[in-house]
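Before any questions on how it binds or moves, here is one chain, the form predicted on its own, in structure tokens.
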């Protein structure tokens, strides 16, 4: 990649901030409600330097009951097949809601989709602030990530790459042209902690500030970022007959998200006190360690490889460049 080459990308005119995709992850719910309250008071009109955002409370029924979901996990309902195929069960609330959100924010994969989605989440794992995306070459998301790292240097901030195609990506953020989940923890589900809420609020504000700067024509220099690409997930040891778990995360591993896990390091501790070691063949980085919501999914932790990526310099397209791209696309369609 040429160090001095600047990529020109379309303006981010429509940005969505979503909370409550999981109805018991409280920081995003309260933050979106506060932003809606400020918007109703006209605060955004006074703060012209910040791009206005479409604010969405994604799963209102689950929020009312302070549950992760009502019928099925909403944040697993946004694959291309789930959104466009036959409705398998119209009685499942989240399946209906995912199509409503796709109509509002998408349709997924279309020119009409919003330019950027930031979906707010909490985790019970000790992960700090993470941006989670299905892409490792979305320069918008990666530049926002680097900007947050620079603006919030006292907070551990990481980028998790889920290596799947956009069509197979199942999360709400994949509906936008660009998108990521902003995951912050540790915070118990059904609870809001002031320090976690404050980090999320700052992260969203810095994200919106970056979008405003990008749209105004500021160029962002090239550079390097570290990305954690998910390799696999590991389940708890289980009884072969009852399928009940027989061990917990080892105390030497608990709360050590993103600390390198090497072969033969302690991984689980059985209820009888025996240590079970990690039998992988390569050192990997664990995250979502002992996440409360993942017990039902059969996940004790996820493992990732860390890679250093070079991201190009970027700036917003000029009107002339936008027109040239439209004409080029129209010519290609005619051919």
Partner chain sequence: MSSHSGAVCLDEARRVAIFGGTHGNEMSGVTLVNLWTKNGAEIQRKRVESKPFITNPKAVEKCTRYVDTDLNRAFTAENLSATGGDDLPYEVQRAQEINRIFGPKGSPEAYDVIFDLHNTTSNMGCTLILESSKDHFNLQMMNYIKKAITPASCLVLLNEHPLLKYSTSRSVAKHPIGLEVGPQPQGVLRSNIFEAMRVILKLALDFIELFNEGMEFPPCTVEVFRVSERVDYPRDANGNIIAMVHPNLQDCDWEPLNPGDPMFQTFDGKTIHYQGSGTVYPTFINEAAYYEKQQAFVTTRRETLVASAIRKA
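All figures in this text were calculated on a predicted structure; none of them were measured in a lab. Positions refer to the first chain, counted from 1.
Keep in mind the form predicted in complex with the partner chain is missing from the figure; the text below concerns it.
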137 to 145, 188 to 196, 106 to 114, 204 to 212: which one contacts the partner chain in the model of the complex at 4.5 Å, heavy atom to heavy atom? 188 to 196
Within 4.5 Å, heavy atoms only, which of 263, 251, 85, 217 is in contact with the partner chain in the model of the complex? 251
Could you work out which of 124, 75, 149, 79 is the residue within 4.5 angstroms of the partner chain in the model of the complex, going by heavy atoms? 124
Would all three of 129, 133 and 159 be in contact with the partner chain in the model of the complex, where contact means some heavy atom lies within 4.5 Å? no
Residue 168, heavy atom within 4.5 angstroms of the partner chain in the model of the complex: no
Taking the partner chain as it sits in the model of the complex, is residue 306 in contact with it (heavy atom to heavy atom, 4.5 Å or less)? no
Any chance residue 89 has a heavy atom within 4.5 Å of the partner chain in the model of the complex? no
Quick one: does residue 163 come within 4.5 Å of the partner chain in the model of the complex, counting heavy atoms only? no
Note that the partner chain is not shown here; using its position in the model of the complex, name the residues of 278 to 312 with a heavy atom within 4.5 Å of it, in sequence order. 290, 292, 295
